[in-house]
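This document opens with one chain alone, in structure tokens, the form predicted on its own.
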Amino acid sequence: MKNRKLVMIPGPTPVARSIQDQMGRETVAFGDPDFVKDLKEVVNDLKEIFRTKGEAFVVAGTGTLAMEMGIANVVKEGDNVLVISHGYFGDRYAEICQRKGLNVDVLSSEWGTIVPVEEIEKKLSEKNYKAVTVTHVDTSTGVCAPVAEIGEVVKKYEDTVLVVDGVCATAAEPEYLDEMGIDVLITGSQKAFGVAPGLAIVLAGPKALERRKSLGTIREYYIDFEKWIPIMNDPSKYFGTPAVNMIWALQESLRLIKDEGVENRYKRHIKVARAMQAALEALGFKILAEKDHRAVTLSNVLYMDGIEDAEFRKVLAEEGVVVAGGLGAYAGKMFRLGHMGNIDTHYLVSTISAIERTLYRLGKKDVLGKGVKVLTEELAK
């Protein structure tokens, strides 16, 4: 009998049964009064949980669409933009900005490290940047950017908006827009929210909304804030067809977040991440990201000598766990393990146990029980 496969990649993440049930409901008209009420509740909950007096947008699309939506509404062609890149997805934001005809400067870090906040502040003092972008957690490196510190720096520059890519952070790492100086937060449904892929989610604070108004007509149509604001304020109106069942699923995800308490959720993610990382290190792996800047949503795990990537991931899948491969220069040198969203202790223990069994099959005979012991002890603290 084949093992059931746990999908432990950095997204999509496992979807709880109550969320799955919402996706399986009979679809209704998007003008149905009950659905209109549900969408309005989702919008209000997003603004409340992530603490902004601005607007929340929920549209059919991916995290990359949200990235485009986030930058398109706050800058115009020829503007200066500073991209803080901690890996593959920081570089993606630079490419998106370049395609828009923006003047892009990139501050990059060595993979596994952060760009020091002092370097960001120095760069901002040298030129008038209309926007700064930073990926809160870059899934290629497992690095978590110090967004709150960056926000404090950007606050000093009235003409600069801070755009945070929270795709692999939102609902797991603290992100409070108005108090942290985040002017635009972009994310997707499929990671720490624990919903299937399909929704692009963007929150815009007051400063970003003022910037959008100052731009007048923009080239983009589907991702224009001004097209969606009337809908988010009154979902009985129409602009583009909402993803009805996905919005119900997100509504259930937000209910779970509120029931748990967002601060408790953040604490849980820290505890789980540190326990998983300690267990992996006990088995002989190393974590790419520096200890002080490790994400809580995933771990980027470097192989020890003698373990080959494709064979490891193949055997691990046979043992019942699917992980992702490395990106860029680390392709073949590491695997990426997600541990975010609505996973429970069963997922965590099963995953570490499967990794132990895989290493055992690949010749590492002294690993059985080591990782599970450390994981259990850390979770019990």
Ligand SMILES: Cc1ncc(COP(=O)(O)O)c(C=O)c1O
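In case it trips you up, residue 1 is the first one in the sequence shown, and so on. Everything quoted here is computed from the prediction, not taken from an experiment.
Only in words, not in the display: the form predicted in complex with this ligand, which the text now covers.
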| property | result |
| --- | --- |
| Residue stretch of 118-126, 166-174, 226-234, 284-292 approaching this ligand in the predicted bound form, non-hydrogen atom distance within 4.5 Å | 166-174 |
| Heavy atom distance at most 4.5 Å to this ligand in the predicted bound form, all of T62, F89 and T139 | yes |
| M67: touches this ligand in the predicted bound form, heavy atom cutoff 4.5 angstroms | yes |
| In the predicted bound form, N300 touching this ligand (heavy atom, 4.5 Å) | no |
| 4.5 angstroms heavy atom contact with this ligand in the predicted bound form for T160 | no |
| 4.5 Å heavy atom contact, N245 and this ligand in the predicted bound form | no |
| Stretch 190-206: residues contacting this ligand in the predicted bound form, 4.5 Å heavy atom cut-off | Q190, K191 |
